Structures are given as structure tokens and as C-alpha cells.
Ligand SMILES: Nc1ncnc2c1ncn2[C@@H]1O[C@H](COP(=O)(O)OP(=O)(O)OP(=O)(O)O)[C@@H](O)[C@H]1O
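The form predicted on its own is given below as one chain in C-alpha cells.
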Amino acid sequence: MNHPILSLQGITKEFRSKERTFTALKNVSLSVEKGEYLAITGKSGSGKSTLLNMITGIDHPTNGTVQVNGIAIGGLNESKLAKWRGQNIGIVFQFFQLIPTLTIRENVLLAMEFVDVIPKANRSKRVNELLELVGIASHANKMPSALSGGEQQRAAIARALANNPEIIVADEPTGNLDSKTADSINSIFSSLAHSGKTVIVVTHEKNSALKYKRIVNLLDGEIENQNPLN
């Protein structure tokens, strides 16, 4: 029997202030298989980004457990968690978050240096291969500001793939792109899933969800429904 690469059990996340307690996620349980291409959808404020933060370990649940490849990430201290994240999960943000003072090549190299998984002798070649994969090899020595939004997102995907993680997560990766550019970015994610990567994308774009194997729709911090697609 195959075990899921990702398992969330009874995840509740509360944000507390002096005035009130806001529950962003309510007893959410979710399993994701290796190589699955999954969309998490829902209205603004439904808990999509909070759920992604639970998956990546960027934030911690108030209650419940998150396991990735059988490892309960809640038991890791911040130092171990940061290294674990760098080795196992590639994160693509809506606003790219490339370091503006580094070239595209340097942005991808920095991700490798932080985790130190890829041997130094192989890093330059790997950068070339990744930038070729996402179609921006000719922009390797340019600064992020010299690239279009779509090109910067391609660079962000290359950086997310730097250490060959099994899981790729993306938070509204096409939210600021035109439809043609968004389609090209979605095609990259689809190809990654076909190659065996587990790809989880938070999106509010209902039409693009047709490209996924499964849609998990959130409503007010709970899973409203899960629709498998053929």
C-alpha cells in the first residue's frame, strides 16, 4: 500500500489577539499522493494561504499534525525545519520574491548554497539546466528588474527546483500575470507533475483548475469538497 507523501490530520489554526480569536482553519484533514497535481481553491479569506503555510512549515497549527514522507514536521526546531524545507519543498510565491540585487543565476545559486545538498562542482551546470527548463536561459545574468513578470515567475520556479525537492507548492503563482503568460506558467507546473513531482497550487482561478488532478475547495477554513479530475 502506498503511503501519502503529505498527510494533514485535524489541522486547526487560530490567530489570537486581545480582542478576539480568529480561526483560519477548522479541523482540516488532507492526504496528497506522490506525483499528484493538486489545486487548493476558495474565496479570499477561506484559509488557502494558511493551509499552504501549514504544509511548508512556515507556520504551525494550533492543533493537529503535518507529516511529510512520514516525518512530523511539528517536532523539528526552527533550524532543522529550515534545512528540511530547503531540501524537501520548493516554494513559488505570487510576487516572486527574487533578491533584487542578485542576478537570476545568483538567485538560483543562493538557494543551493543555503541548503548545501547539490555538490559545489555541479551547481553551475544545474543552474543552466533549470533556466533552460523554464525557458529563460538567455536571461541568466540579468537582474530581476530587467525581466517581465512572467519571466520573473519562471526564475522563481527555477529557484524552487534548485535542490530537487519532491514537493513544489505555489501560492497564487499566476495571480498577477496575463492569461497567456499564466497558461505558460501552468504548463510548467503540469510538466513537473508529469515528471513525478508533487505539485500543490493555491489559486482563485476556477478555469485553470481544469488542469489539475484534484481540486480541494475551502470555505470558511474548512474543506467544502474535493473533486478528482480525470
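Treat the numbers as computed from the prediction; the structure is a model and nothing was measured. Start at 1 with the first residue shown and count on from there.
Keep in mind that the form predicted in complex with the named molecule is not shown, yet the notes after this line are about it.
With the partner removed from view, the residue among Asn176, Ser190, Ser49, Asn163 that has a non-hydrogen atom within 4.5 Å of the named molecule in the model of the complex turns out to be Ser49.
Across the options 179 to 187, 62 to 70, 193 to 201, 37 to 45, residues that bring heavy atoms within 4.5 Å of the named molecule in the model of the complex belong to 37 to 45. A residue is said to contact a partner when one of its heavy atoms sits within 4.5 Å of a partner heavy atom; Ile11 fails this definition for the named molecule in the model of the complex, lying far away.
Taking non-hydrogen atoms only, Val216 never approaches the named molecule to within 4.5 angstroms in the model of the complex.
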